[in-house]
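Next up: just one chain, as structure tokens, the form predicted alone.
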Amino acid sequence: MSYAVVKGTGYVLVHTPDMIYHNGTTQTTEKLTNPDSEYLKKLPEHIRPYEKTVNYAPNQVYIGNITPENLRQYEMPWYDKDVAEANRFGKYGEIMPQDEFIALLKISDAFDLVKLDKNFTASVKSKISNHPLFKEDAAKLKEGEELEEIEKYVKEQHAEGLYQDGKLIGCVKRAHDIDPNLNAHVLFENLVVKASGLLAFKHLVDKNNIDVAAIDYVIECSEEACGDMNQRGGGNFAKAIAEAAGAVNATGSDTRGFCAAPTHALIQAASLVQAGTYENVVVVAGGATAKLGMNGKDHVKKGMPILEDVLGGFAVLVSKNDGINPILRTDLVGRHTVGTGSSPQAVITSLVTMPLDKGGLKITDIDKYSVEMQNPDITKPAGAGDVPEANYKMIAALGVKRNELERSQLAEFGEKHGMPGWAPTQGHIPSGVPYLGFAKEDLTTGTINRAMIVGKGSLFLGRMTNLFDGVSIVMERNTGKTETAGAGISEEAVKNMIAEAMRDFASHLLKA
């Protein structure tokens, strides 16, 4: 079969200021271990208002309003510079405010576990009614509950509180008295994944004029896991999101691989389409509340705003070859295998040069490498450096070692073949896939011919192995040829070849 193509993308962010304090693990851990800490006291002063989050350059890149190349024009740090004419809605998606997202949690709730205050419900209902993607869903909000009832759930039944502007306005109830996998905190995290994934899915469909009924399969690749005490990670976010999005002809499953999961899922989707199993596969991921404010202590210490104040989400449609959109070269896939090792050179060799060698390509034949596109505005103050830049330096160094790059070209490699990081540190969200929307354009109407999507994952975090993981895949400009292998041979020629083979076989039998 011919290669699959990337046919459309959707990218969303959700500004969640109250969830930083109440749900981010850095903050919740601090409340347990050091409730009187100076960090917690100073935290409210460092929370950005919604408008500042919208005006933030990396966020505008994420939803497609400015390009990664445009981002280079802003001097770092970026957090103190607003983008002129920034917009909530972008070419690929939107930056949703917290109150509307809380309403989306209720809309995504299939078991009446989310309870919202009457006054809050009334205030947010009109906003949802006016949202271009959720007008028909406003009725699901109903009238809401008395605040006293919600307070009772939180105080007496271990419900997870939902807050807006520091005030309790709702909760997520537990779904079982003793099952830790169905407690309120886990259900809250899972509903956040579902709701943010749904938002990205809806934008994918809307921005690319996709017939949602034509979607056959969905792969969800975030970092959470839903199930109960008998199957902790049984799933299935994919089918739940498909149902909520109205993809009535789709089935699906979840793929997990820490930060590398989105690239694993992209390769799986391309393979399913190329094999002819499905025609239209959506890869989708929601955001992780645990990562909110993850580096907050360092940001506050340096007098910065909390930059990890958004949830991330994305959705990608992989379809059969249309002769237009960029193809996914499933024959040029990089793999960090069990035996690869953990040295930087071994990692880059397995993920970058091995697949290039298969295709007879040099490191410089890839026009753009999309690696771990983490925003350096977030990571540098926390001591983690500029992650994309570090990756580009390693790739360039290997290029010099392979005599594919002059030593004098090391400094310019990142600028020519790389991009500044713009993705929020949501774990799986920055890993290769933020560039897919731009890659689709760059490989069709733009000037580049090849890109490589690289995802890495920290498997050791699960305490099952000391290994980490990584996979990559090459994207290429479409040649316009959509025929399958061998399609150039006429039906008559095929018949003649079969007849000839049968005659040879019959002759062999007679001689025997």
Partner chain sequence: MDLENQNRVKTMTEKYGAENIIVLLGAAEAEAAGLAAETVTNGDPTYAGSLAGVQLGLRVYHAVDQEFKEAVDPAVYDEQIGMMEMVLDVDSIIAEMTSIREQFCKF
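Residue numbers count along the first chain shown, from 1. Computed from a prediction, not measured in an experiment: that's the story for all the values here.
The protein also exists as the form predicted in complex with its partner chain; that form is not presented, and the subsequent description refers to it.
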**Asked** Taking Gly385, Leu398 and Lys401 together, does each of them reach its partner chain in the model of the complex with some heavy atom inside 4.5 Å?
**Response** yes
**Item:** Stretch in contact in the model of the complex with its partner chain, which is absent here, among 389 to 397, 175 to 183, 310 to 318, 370 to 378 (heavy atoms within 4.5 Å)
**Value:** 389 to 397
**Request:** Go through Ile348, Val192, Leu162, Met96 and name the one with a heavy atom inside 4.5 Å of its partner chain in the model of the complex.
**Result:** Ile348
**Fill in**
its partner chain in the model of the complex has a heavy atom of only one listed residue within 4.5 Å, and of Lys167, Lys135, Arg407, Lys155 that residue is Arg407
**Asked** So, in the model of the complex, is Gln231 in contact with its partner chain at a 4.5 angstroms heavy atom limit?
**Response** no
**Request:** Considering only heavy atoms, tell me if Asn130 and its partner chain come within 4.5 Å of each other in the model of the complex.
**Result:** no
**Prompt:** Do Ser343 and its partner chain come within 4.5 Å of each other in the model of the complex, heavy atoms counted?
**Reply:** yes
